[in-house]
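Shown here is one chain on its own, the form predicted alone, set out as structure tokens.
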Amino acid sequence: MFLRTIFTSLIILLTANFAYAGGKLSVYHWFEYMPQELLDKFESETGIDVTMDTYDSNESLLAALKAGKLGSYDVAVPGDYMVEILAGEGMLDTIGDSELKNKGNIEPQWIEASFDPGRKHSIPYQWGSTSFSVNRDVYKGNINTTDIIFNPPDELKGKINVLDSQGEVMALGSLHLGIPQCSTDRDQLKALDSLLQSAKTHWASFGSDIAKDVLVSGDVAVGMIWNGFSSKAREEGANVEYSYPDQGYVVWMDNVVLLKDAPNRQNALIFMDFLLEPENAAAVTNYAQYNAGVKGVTKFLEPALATMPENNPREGAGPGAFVAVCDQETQEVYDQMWTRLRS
């Protein structure tokens, strides 16, 4: 009886320690993308203190990690193509087959993601589209064309904000021209460079973290933007319409990755498991207004999300395309083009 009591006490203690892990967790995340209430819930359930720093583009994340931030953070939330790049750079840790108890909650179509087959380094966070929104008080014409960004009508010239995101801007430019991403054809590269330089003269600003606010304030009439961010701008009073253009649009998936040399690796895995719980994944979707890659979230979602125009491409819209990862030599050419564009 005495031994049984000790054994039972040990089991209770071990279970309690797993549920209430304590310690710290350092998160590197996009801005305005995680509800504070969800972080509070995680801290309350686990006893883990969370600190979070933010960035405004995949390229900013990569630059920060290369500049010495690797080893400072436990998890980050890169987009699809950046997961592939970070893995290629040796910046991601590998998640063991049994280390995530909720891995089975990942929707089947996202398990064998091209950028992380088998989910060895990441879990889904949210996915959506990148296109642009137009203020309908300023412009009432056809917005279902990428000409709005790259060859705008007179009413919109000088009133356009573009995301400070190399991958998405150049992918949208390639869709506009009907050329492949990561092209090595000199004529196609010259055409893309010329398009971007010409369009730049009509752009008022580059800004990812301001993308919603400048539409709400009326500082710009057109904004390249993510679909959920556009819906928030509309909810905050901007008379904007999100476009799914004829030429196509960018599709993306953000993912929580386990970073190499994570100082709190076990807590990082606990956090990833927490985000794979349907109710918690739904809390992110309700806040950010994108889509979760987790099974079982539907019953926790706000009904309005199903009919939100930003979540429903119009009939006849062009295809969605993920940002492609180029080989090093080709990427260097694209980097040079981007540097000229941003200078």
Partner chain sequence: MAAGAGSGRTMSSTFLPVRFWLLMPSWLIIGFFLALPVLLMLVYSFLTKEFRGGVIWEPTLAAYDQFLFDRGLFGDDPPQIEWKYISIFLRSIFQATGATILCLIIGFPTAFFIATRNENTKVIWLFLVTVPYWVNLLIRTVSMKFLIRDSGPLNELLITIGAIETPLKLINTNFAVQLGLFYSYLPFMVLPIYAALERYNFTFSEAASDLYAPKWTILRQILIPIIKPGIIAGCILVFVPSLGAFLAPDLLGGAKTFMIGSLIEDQFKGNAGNWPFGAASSMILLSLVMIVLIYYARAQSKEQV
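Given the structure is predicted, the values throughout are model-derived calculations rather than measurements. Residue numbers count along the first chain shown, from 1.
In what follows, reference is made to the form predicted together with the partner chain, a form of this protein that is not presented.
With the partner omitted here, the stretch from 266 to 274, 246 to 254, 188 to 196, 71 to 79 that lies within 4.5 Å of the partner chain by heavy atoms in the predicted bound form is 188 to 196.
Remark: none of the three candidate residues (T146, W226 and V284) comes within 4.5 Å of the partner chain in the predicted bound form, counting heavy atoms only. Proximity of D213 to the partner chain in the predicted bound form falls within the 4.5 Å heavy atom cutoff. The partner chain in the predicted bound form comes within 4.5 Å of no heavy atom belonging to L25. Contact between W110 and the partner chain in the predicted bound form is not found at the 4.5 Å heavy atom cutoff.
The closest heavy atom approach of T130 to the partner chain in the predicted bound form falls outside 4.5 Å. This chain lacks the partner; the member of L38, L62, M52, M308 within 4.5 angstroms of the partner chain in the predicted bound form by a non-hydrogen atom is L62. Using a 4.5 Å cut-off on any heavy atom, the residues of 312 to 343 that reach the partner chain in the predicted bound form are, in sequence order, V325, C326, D327, Q328, Q331, E332, V333, D335, Q336, M337, W338, T339, R340, L341, R342, S343.
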